[in-house]
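Have a look below at one chain only, the form predicted on its own, in structure tokens format.
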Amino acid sequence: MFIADIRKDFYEVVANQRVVLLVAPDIDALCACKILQALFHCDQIQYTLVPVTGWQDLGTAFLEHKEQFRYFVLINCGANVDLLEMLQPDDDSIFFICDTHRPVDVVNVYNDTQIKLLIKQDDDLGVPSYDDIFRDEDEEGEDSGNESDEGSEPSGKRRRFDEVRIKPSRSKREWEARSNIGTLMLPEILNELLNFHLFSCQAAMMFFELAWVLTKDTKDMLWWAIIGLTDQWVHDKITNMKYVTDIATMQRHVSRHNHRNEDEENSLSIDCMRISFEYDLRLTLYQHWSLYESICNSCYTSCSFKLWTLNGQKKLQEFLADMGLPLKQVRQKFNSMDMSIKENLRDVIEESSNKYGMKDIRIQTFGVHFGFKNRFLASDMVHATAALLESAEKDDSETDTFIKALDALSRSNIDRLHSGIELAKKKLIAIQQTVASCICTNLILSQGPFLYCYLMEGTPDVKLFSKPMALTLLCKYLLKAFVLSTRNKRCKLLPLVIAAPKDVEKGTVIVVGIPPESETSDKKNFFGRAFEKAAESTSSRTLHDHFDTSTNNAENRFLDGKLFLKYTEREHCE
């Protein structure tokens, strides 16, 4: 059930209770968690924080806490499955779900007792009407003989969902098979709803708006909400139109906070926090790197110049010469560049970029100053936090990396944030080198209706790409680079599947699929269903454990080149 009043129906309900926070491993979820933690600390609400990396973790965490807790808050997990079917909770367990994954499972939407969805209904959810997908048991005749008492109710009276356990497709396959129930359009409705995966309004913004309604929003909370939005843009989860719209919303909040604190901050303290709207460069981490390395390792500029080719390297040198920047300056750290160069650097780069076809070199974003020394863009925070969250250090467990990433979001942990930035640099260099290697050695193959790339064991930095966010970022970078470098017009319209070793000893791989490269794409991803069909057709053991259905763990034989053809041809060639 969708919650209409988040303050009354969520916050006031849990205000005097003990709560479990089940948080997914992504940046938006971490930011939402930080905002909710701040609110709970403010009102002295007791909570237990449990990071959950997938569906198995979620089930285990629930079993461990269901005896002591009644209220569970799920952040960026739980909305796109039938949660009650999966967890089998007691009737008194209540789940508040704030999830950016779409589509929302219809059973969660129409359950009005145990499932509470903290999701904006103005999103294009595409949820079918109740009568199109459900059928009361008293209307099923012989299927509900043991429900005779309830079956005597008038047909016009709608019984509550949980009193009769109305059965839609609790198992979607079972529902599709029951063609004698409902209209012939029913399987088509559910298939249309469930065949794709995409992302919508970020969880961090949802909880920031709660803090705003409670008049307890702070600059820290606003900054976390901005990072949550920027995470969706950096990882290409939302459309440019959605990003620009949400940026405008955030800008209004920034203006409000800056105006509210004008009188209080006439004398700036050394630890003050200032958020500002920026029209900055699409050069990753350039303020914490050298300008040259940032240009070489940013997806936008690297792909525009095709830096994996000799021509591309030559074009980069011409670009730097056109700007009139000495190599000595662009190769040293940004902070060490001459002030005379840095003052007009953005305008100079934008002017030269237009000559080389990079008309979108600047992007709307936000920056923050912590005191007088530390300045970060929102994208810097995203890359640093993601690098900490997926750190490949042997001694760190997934819980350890989660806590480190969470700590890096606090301005009191600047050293942790800087260590994340250094890890992010290594990750971006590894991605750029892997992209160049795959393009130059023709590792991207056309497999009918999709493109395919497999990173073999022994590939440099392959361990880094056993993590879902890193592999997805590589996949998007690789597809963009391939589209710009290939002469095959058909290949430019194809989606990409990439696989990397997950556990060599167990013979498992991690597989990610992304839709075709397109500026007008709605970001719908159909590979979740394709992976399920592929596993069935190859009789492979797969683990659909990721909250993002387009990411999958599987056996090596799952990578048979013919496995996706039947399903993806239907989905992507319609």
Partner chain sequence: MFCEKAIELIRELHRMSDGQLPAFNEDGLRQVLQEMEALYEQNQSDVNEAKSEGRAELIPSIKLRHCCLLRNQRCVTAYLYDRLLRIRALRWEYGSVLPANVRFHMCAEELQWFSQYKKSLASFMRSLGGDEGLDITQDMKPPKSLYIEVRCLKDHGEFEIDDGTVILLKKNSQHFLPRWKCELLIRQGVLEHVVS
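Positions refer to the first chain, counted from 1. Just so you know, these numbers come straight off a predicted model, no measurement behind them.
We do not show the form predicted together with the partner chain, though everything after this point is about it.
- Using a 4.5 Å cutoff between non-hydrogen atoms, T53 does not count as a contact of the partner chain in the model of the complex.
- Not displayed here, the partner chain is approached by I403 to within 4.5 Å at the level of heavy atoms in the model of the complex.
- Within 4.5 Å of some heavy atom of the partner chain in the model of the complex lies at least one heavy atom of E64.
- In the model of the complex, the partner chain stays beyond 4.5 Å of every heavy atom belonging to Q317.
- The candidate stretches are 22-30, 35-43, 525-533, 507-515, and the one lying within 4.5 Å of the partner chain in the model of the complex by heavy atoms is 35-43.
- This chain appears without its partner; in the model of the complex, the one residue of S410, S485, Q364, N258 with a heavy atom within 4.5 Å of the partner chain is S410.
- This chain is displayed alone, yet in the model of the complex one of T245, T399, N354, S336 has a heavy atom within 4.5 Å of the partner chain; that residue is T399.
- In this stretch, 1-24, the one residue having a heavy atom within 4.5 Å of the partner chain in the model of the complex is R18; the partner itself is omitted from this view.
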